[in-house]
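As structure tokens, one chain now follows by itself in the form predicted on its own.
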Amino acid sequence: MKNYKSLLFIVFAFGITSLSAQNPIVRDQFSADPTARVFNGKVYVFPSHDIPTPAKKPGRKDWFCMEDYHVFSSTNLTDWKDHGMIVSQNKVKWVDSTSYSMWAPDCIERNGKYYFYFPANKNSTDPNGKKGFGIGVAIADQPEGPYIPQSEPIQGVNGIDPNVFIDKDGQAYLYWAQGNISVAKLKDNMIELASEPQVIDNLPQKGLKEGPFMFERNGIYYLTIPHVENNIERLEYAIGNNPMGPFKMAGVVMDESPLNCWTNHQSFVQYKGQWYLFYHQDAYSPKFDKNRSISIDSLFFNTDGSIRKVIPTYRGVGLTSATENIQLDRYSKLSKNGASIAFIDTVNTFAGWKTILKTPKAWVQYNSVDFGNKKFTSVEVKAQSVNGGIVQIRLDKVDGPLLAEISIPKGNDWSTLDTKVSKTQNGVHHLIVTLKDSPVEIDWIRFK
């Protein structure tokens, strides 16, 4: 960010607030395999945590590498709090602490306790001399933790990607992947099987299947899975009238990643009357898809209960306060000509992206900015222009009411300008930023 040439910091306001309300939702570390749950009026997300491969890691170097888990929460799907690390491979008795294989997790509440399920390589071998994957459980009194791991994995379960579903009659079920998708009932203690595992039939016969996530809506049981139909995973679903099946394949939730991320992993949650899909892509690591980041988009059903396909967005969900950094690069719409997005720093991708407006009338639109009932009189823009340029900020459409016209001077130093907005607004609006003449690059804008 500080390495820009001709970088201009046009300040019409003051104060820095946290980034929020856009995809990816975790913006300071890699995260994947999100399981979202509603506990105590909040949405909690339990993802896996991708890291660059440590030099000390044995075996394959260009593969998935995860050593611990964090948990995040939000009350508005916009502002997310990281509650820190809750389980680590170094602090679970049965886990091989050199394996870096703490893959997709889940968490469920029962009788005031929170049960966190996670896969990892065992530090003991089976009769064939292989360590294999076990699924462990860590228990806490609140969703943020602290979590206490059990000393042994769940007996009778070998595999990855645990998912737990509690039906309306109180019976809990554990799903997991190991070539196929398996299911078994859980005892009330949530750490032991109450039935023999069974493989779920009628799922695709060819291609990798993993990452099961079960949910129920209006009497329909939805078993969702990532499945490799071609070269990379897409999210598919099957339906049935019983948590253990039989199931019938019913459609695609999300097509293969437009960013060419080889994997995907899903969870579904209803919050305040709206359904949401949580998933991951390789937004911060487009050249290495083993470092991924989680996102959210809204989910809708047809009248027959089928799922409408979700198209991944940069904008994500929720309202963005006008006083926060509005990242235009997480756009809702972009003009077909003269507008593009690029990393601010290709080495430190967590610095985010910039919006590049190259030709006159190029524009970017960012939806759902909440002005509340305040009277905003100024706008702050962080931008750069080699030759100097002018941008216009408008409301709701490309030729909508003009909020501000900002002249960005050329130069190599940070500059400060102070200009009032021409129109006071209330409520929720879309913002459109349009280029008037010479090229401009924009990091973010915000209002005061």
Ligand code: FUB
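Numbers for residues come from their place in the sequence shown, where the first is 1. Remember, predicted model here, so these are calculated numbers, not experimental data.
From this point on, the text means the form predicted together with ligand FUB, which you will not see here.
Taking the partner from elsewhere, N264 is found to have a heavy atom lying within 4.5 Å of ligand FUB in the model of the complex.
In the model of the complex, at least one heavy atom of D161 sits within 4.5 Å of a heavy atom of ligand FUB.
Residue contact check for W103: one or more of its heavy atoms lie within 4.5 Å of ligand FUB in the model of the complex. Taking the partner from the other structure, ligand FUB in the model of the complex has no heavy atom within 4.5 Å of any heavy atom of R330. Contact with ligand FUB in the model of the complex, judged as any non-hydrogen atom within 4.5 angstroms, is confined among 60-68, 396-404, 37-45, 378-386 to 60-68. This chain is drawn without ligand FUB; in the model of the complex, the residue among E210, E256, E236, D282 with a heavy atom within 4.5 Å of it is E210.
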